[in-house]
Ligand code: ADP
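To begin, one chain is listed below as structure tokens, in the form predicted alone.
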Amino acid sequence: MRKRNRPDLNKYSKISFISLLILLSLVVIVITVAVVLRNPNMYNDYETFSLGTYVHLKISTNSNPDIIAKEIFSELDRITEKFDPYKEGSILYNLNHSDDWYEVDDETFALIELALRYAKVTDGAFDPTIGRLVELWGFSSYSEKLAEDSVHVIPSEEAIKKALDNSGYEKVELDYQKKAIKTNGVWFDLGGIAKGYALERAYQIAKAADPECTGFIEAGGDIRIFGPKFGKDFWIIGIRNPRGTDSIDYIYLKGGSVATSGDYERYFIVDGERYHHIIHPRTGKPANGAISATAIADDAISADAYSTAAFVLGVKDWLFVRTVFPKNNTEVFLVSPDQKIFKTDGFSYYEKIY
């Protein structure tokens, strides 16, 4: 057999060494890519349509983000279906059409009981029992989409009075032992709190999967933050100009929630006048003391409820908002019909980076 000489051996040794270097380089690249993909600073974005609006989820997690997103969106759809008061067969529809005590599940009882608490704290500005008025005005569709070519009729004063007579949170009776509710003729509409509840459930699901996850979920302008951006930075949130497409202010948050109620979301115009979906519980007509109200709170449910209440109270009852809401850990940014801006004393804290 012919023996390989030393130059041949050196040649093969060099080739093997180069091949080894290439292999090691590929291994390093693969490991680096894997680490980067699992870097908690990387965010995954997901979108869906639920709760009658567009939903955007942005999340960074060491768990599987696809599974978390799927679970969250499934929960949002469940809440949408369950708490739609105008869909025959839903829990609220059955409750609203009951003439006597009606037993509900723990979740429904807890949410209604909480809604009634917000009604008391806001002196009825937030009232979850004005479903008849919402339907009367044509806003019973659980969506911010309204057909532009549909015909809208302004209800008569007589019809409004009749609906008002069958509204009012004070009329509701609760049986805590049986988890039963007696509406006494009122119709529940949890539209002013259901979105916040859904976002809070999204937060709970994300944190249960990964307590260290960060990001946020947004639904129709309402935002629940999971944690600081990149684990340490503020999220910059613009407050929409209610009469434009730009932002009229910016806030900086690392946690908590922000919600905005405005007359530009679900509305129709008749003879040049705007009629929107936020009904004043005392007049039975669209509230006219504000065109936008933004609330910052520790949780999405509070932000949702207080933004609605602040909008209803408006400029006329601004002193009540400025005094009572901060005591309940909520700061408010209000835009009046003449586009003047009102802020609770502590709101400026969120307009700066500390």
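Since the model is a prediction, treat every value here as computed from it, not as a measurement. Note that residue numbering begins at 1 and tracks the sequence as displayed.
The next section is about a form of this same protein that is not shown, the form predicted in complex with this ligand.
(request) Report the stretch among 161-169, 199-207, 185-193, 88-96 that approaches this ligand in the predicted bound form to within 4.5 Å, counting heavy atoms only. (result) Within 4.5 Å of the partner lies stretch 185-193.
(request) Would you kindly say which of 308, 292, 61, 302 lies with a heavy atom within 4.5 Å of this ligand in the predicted bound form? (result) After the contact test, the surviving option is 308.
(message) Between 72, 125, 223, 79, only one gets a heavy atom within 4.5 angstroms of this ligand in the predicted bound form; which residue is that?
(response) So the residue touching this ligand in the predicted bound form, by this definition, is 125.
(request) Examine residue 265 and determine whether its closest non-hydrogen atom to this ligand in the predicted bound form is within 4.5 angstroms. (result) Within the cut-off, so yes.
(request) State yes or no: in the predicted bound form, is some non-hydrogen atom of residue 281 no more than 4.5 angstroms from a non-hydrogen atom of this ligand? (result) Yes, residue 281 sits close enough to this ligand in the predicted bound form that at least one of its heavy atoms falls within 4.5 Å.
(request) Could you confirm whether residue 253 comes within 4.5 Å of this ligand in the predicted bound form, counting heavy atoms only? (result) It does not: once this ligand is placed as it appears in the predicted bound form, residue 253 has no heavy atom within 4.5 Å of it.
(request) Using the partner position in the predicted bound form, report whether residue 181 sits within 4.5 Å of this ligand, counting heavy atoms only. (result) Looking in the predicted bound form, residue contacts with this ligand do not include residue 181, since no heavy atom lies within 4.5 Å.
(message) Within 4.5 Å of this ligand in the predicted bound form - does that hold for a heavy atom of every one of 243, 321 and 336?
(response) Checking in the predicted bound form: none of 243, 321 and 336 is within 4.5 Å of this ligand.
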